[in-house]
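Two forms of a single protein chain come next, each set out by itself as C-alpha cells; they are called structure 1 and structure 2.
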Structure 1
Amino acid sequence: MANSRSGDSLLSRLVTILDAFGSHRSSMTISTLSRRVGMPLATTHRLVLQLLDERLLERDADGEVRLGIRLWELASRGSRTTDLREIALPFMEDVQAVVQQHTTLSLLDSENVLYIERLTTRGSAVNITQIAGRLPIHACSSGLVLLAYSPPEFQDDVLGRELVRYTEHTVTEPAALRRLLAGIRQLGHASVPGIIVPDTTGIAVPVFERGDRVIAALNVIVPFGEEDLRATVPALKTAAHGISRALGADRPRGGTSRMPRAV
C-alpha cells in the first residue's frame, strides 16, 4: 500500500479524512478539511475525489463534503453494534418510561466511551452525549462502570496516566479512583454527580455478554439534586439483566441486592 512522504499509508490518510467529520462539524469545504487534517490541499482534494467516487463522502447543496450514506450502509451489515442496539432498545424504552430522562447505551472503544444509542425526552437534563460521540472513560458514569469491570492491567494503564479534571467533582487521583471502582463493583452501579457537566448526575449499570464479560453500559442522566436511586437503579438493573440474558450472559449480575446510596 502506497505511503505518503510522512510515512502514512493511503488507508490511514483516508481514515484520517473520514474521522475529521463529527457531530460539531458534519460538513466542510475541501480547503477547510485540508487544514483540519494537516494534509496538502492537492492531496486532500485527490483523496476526497476517490471517497466521493465510492460514495463514502458526498456533496451537499452548498458544495461542501460530508460523510456518505454508504458508510452507514456498510457499518450496519452484521455489525455487533447494530445487533446490540436492536436487542437493547426495547429495554431502554422501559427505562425511559420510568425515568423520563436521557437513557444511553455505550461501549468501550480503545480508551473512550462510544455512545451507540440514546433516547431522550423533551425538557430533560443537559446532556452532552451524542450517538457515535465519545466521552473520556474516567469522566462519565458509563465509563466508570466499563472501567470497573475491565481487566486489572487495563485499569492500571488508565490510572497510570495524567487524567483531565473537567469539574471539581471529576476524580483523577489513582487511589481515589480505585476506591470508586471497587464501590461500583460491590454495588453494581455508578452514581456520580457533576463529573463532566456540573448540573447533571450520571447513573449507570453494566451489561454482560456470554462468558460473563461486560460488553456495554446502560445509563441515565438526571438533573443534579433530583436523583431517585430507589426508582432509577432497579429500572436500570432490570433492563440490563434483560439485555444480558438476550446476549447469552451466564447469569444476571449487578452487585448487592440492598438499595445502595449514591457513590
Structure 2
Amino acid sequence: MANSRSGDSLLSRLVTILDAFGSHRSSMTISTLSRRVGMPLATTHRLVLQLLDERLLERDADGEVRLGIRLWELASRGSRTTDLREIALPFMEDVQAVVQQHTTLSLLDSENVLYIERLTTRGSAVNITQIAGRLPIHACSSGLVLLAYSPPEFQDDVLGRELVRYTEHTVTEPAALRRLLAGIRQLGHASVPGIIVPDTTGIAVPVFERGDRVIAALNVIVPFGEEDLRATVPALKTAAHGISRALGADRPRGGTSRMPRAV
C-alpha cells in the first residue's frame, strides 16, 4: 500500500481522519480537521474526498464534514457489539427500573474498557462514560471486574505498568490491586467509590459467554454515599445471569459468595 512520506499507510491515514471525529465534535471544516490530525491541508482534502466518495464521511448543511451513516452501517450490521448490546438491552432496562441509576455495559478492548451501551437516569450521579468511549481498566469498577476475570498473564502485564492515580481512592500499587482483584473474584462483583471521579461509586458484575469466559461487565453508577449494595448487587447479578444465559454460557457464575456483605 502506498505510504506517505511519514511512512503511514493510506489506510492508517484514513483511520486517523475518521478517528478525529470522535469525542465531542460531530462535524468540522476540512481546515479544522487538517489541524486536528496534523496533516497538510492538501493531503487532508484529498483523503476527505476519498472518504466522501465512499460515504464514510458526508457533508452537512453548512458544508462541514462529519461521519457518514454508511460508516455506522458498515460497522454495526455484522458486529458482535450490536448483537451483544441488543441481547443485553432488555436486561439493562430491568436493572435500571429496579436500581434507578445509570446502567452501562462494557467490554475489554486493547487494554481499555470500551462502553458499548449506557442507560442514563436523570438526576443521578455524574456519568463520565459515553457510548463508544473508553476508560482505563484499573480506574473503573467495570475494568476491575474485567481484569479480575482475565488470564493471569494479562493481569501481570497490567499490574507491571505505571498506573495513573486519578483520585485518592485509585488503587495503583500492585500488591493492593491483586488483593482487590481476588476480593472481586470471591464476591463476584466490584464496588469501588470514586476511583476516577470523586462523588460516584461504580458497582459492576461479570457477564459470561459460552465456555465460561467473561465477555462483558454490567455496571451501575451511583452517587457516593447512596450505595445500597444489598439491593444493587443481586439486581446486577440477576440481569448478568440473564444476559449470560442468552449468550449461551454453560453455567453463569456469580462468584463464590452469592450475596454481598452488608456495608
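Just so we're on the same page, rigid core means the largest C-alpha set that superposes within 1.5 Å between forms. Note that the structure is a prediction, hence the values are computed from the model and not measured. For residue numbers, the reference is structure 1: its sequence is counted from 1.
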Assuming the other structure does not fit, state which one is the form predicted alone.
1
Using a rigid core superposition, assess whether residue 211 undergoes a CA shift of 2 Å or more between the two structures.
no
Tell me whether residue 225 is among the residues that move between the two structures (Cα shift of 2 angstroms or more, core superposed).
no
Give me the C-alpha shift of residue 61 between the two structures, core superposed, in Å.
2.7
